[in-house]
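First comes one chain, alone, set out as structure tokens in the form predicted on its own.
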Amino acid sequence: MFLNLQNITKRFGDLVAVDSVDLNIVEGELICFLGPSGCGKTTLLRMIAGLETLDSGDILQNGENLAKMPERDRNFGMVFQSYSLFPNMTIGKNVAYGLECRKWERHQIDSRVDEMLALVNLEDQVGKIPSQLSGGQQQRVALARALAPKPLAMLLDEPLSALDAKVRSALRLEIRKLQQGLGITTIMVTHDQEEALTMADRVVVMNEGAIVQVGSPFEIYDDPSTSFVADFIGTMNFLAVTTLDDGAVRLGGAAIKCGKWSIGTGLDKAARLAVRPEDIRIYIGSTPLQNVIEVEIDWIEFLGSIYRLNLTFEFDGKKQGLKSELSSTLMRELRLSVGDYISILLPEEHLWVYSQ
């Protein structure tokens, strides 16, 4: 185990920023701390880096306790959201800075700078200053500078959030390929779920200072352990239901069988039924089926390759809504319009039941 976090806690006055966190980080993986603003993910990263002190707990790196070790002795490369490049230094001197601080020989520094800039495809920018580069190029320089001293791990604090969407999409692929090619353990903080799902080997979902779920991107998306995770990762419909005693819920007068329960089954408990838009299917058969309900199309949004449908139905005199996503091909075939009534199938294997 490369890093072992044991009962990590950090307070700022009465605020518990990180609350008794335990986590094992495997050597060579890219692990992502994901959560809303203020959930403690950046504070946790800064404690690993040595930029914040721990109130309690231990950080073990291959068995050595880093809890009281100064940041400069941990040999972790840090990349910040704001790049933090020296504006009056050339790109070459920015990359060389950490090596000079470590008293490397001049010929070693020059060779390593050339190697790092080639690694991030900026070898032709060595003599420029940061203001002459784009935001994406500046962040690649920051990566090269952090990698130059051969760190044991890379710590990335929302490294892409200051970039526009197109550059962000391209750079996250570059970072992932670079990390995999070097095999360097990398911890990244983000509030962007798309970044986490596309880049990470494992995702650590945090809320209110605590870890609520750890797993691969597929596991986090496909089997969220709590309604918070279900709501935070991707798009999820939530419907008010009451439980039945046979592994089903009552929805709009229909008994809906559900395959995934985070609460105990029982009769007449208020609960939340969750289903992702892409899992809702249009039912065009005439034979009554379990888990089929009738809904009205309230609105249709064209999003290029898909259409998003806002659907409504009544339950106990109250309207509930949910979103469905259909391919453009299927929409052309069905010729659906606002105001149409359709039957939808809620697949049992893709339905979660959470507490109210």
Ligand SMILES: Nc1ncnc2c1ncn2[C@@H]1O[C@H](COP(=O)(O)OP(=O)(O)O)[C@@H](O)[C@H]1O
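In this text, all values refer to a predicted model and were calculated from it rather than measured experimentally. So that there is no doubt, residue numbering starts at 1 and follows the sequence shown.
Not pictured, yet referred to below: the form predicted together with the named molecule.
Engineer: Which residue among 43, 291, 320, 61 has a heavy atom within 4.5 angstroms of the named molecule in the model of the complex?
Structural biologist: The residue in contact is 43.
Engineer: Which of 17, 342, 21, 25 has a heavy atom within 4.5 Å of the named molecule in the model of the complex?
Structural biologist: Going through each option in turn, the one that passes is 17.
Engineer: The chain here is shown without the named molecule. Which stretch in 312 to 320, 296 to 304, 283 to 291, 31 to 39 comes within 4.5 angstroms of it in the model of the complex, by heavy atom distance?
Structural biologist: It is the stretch 31 to 39.
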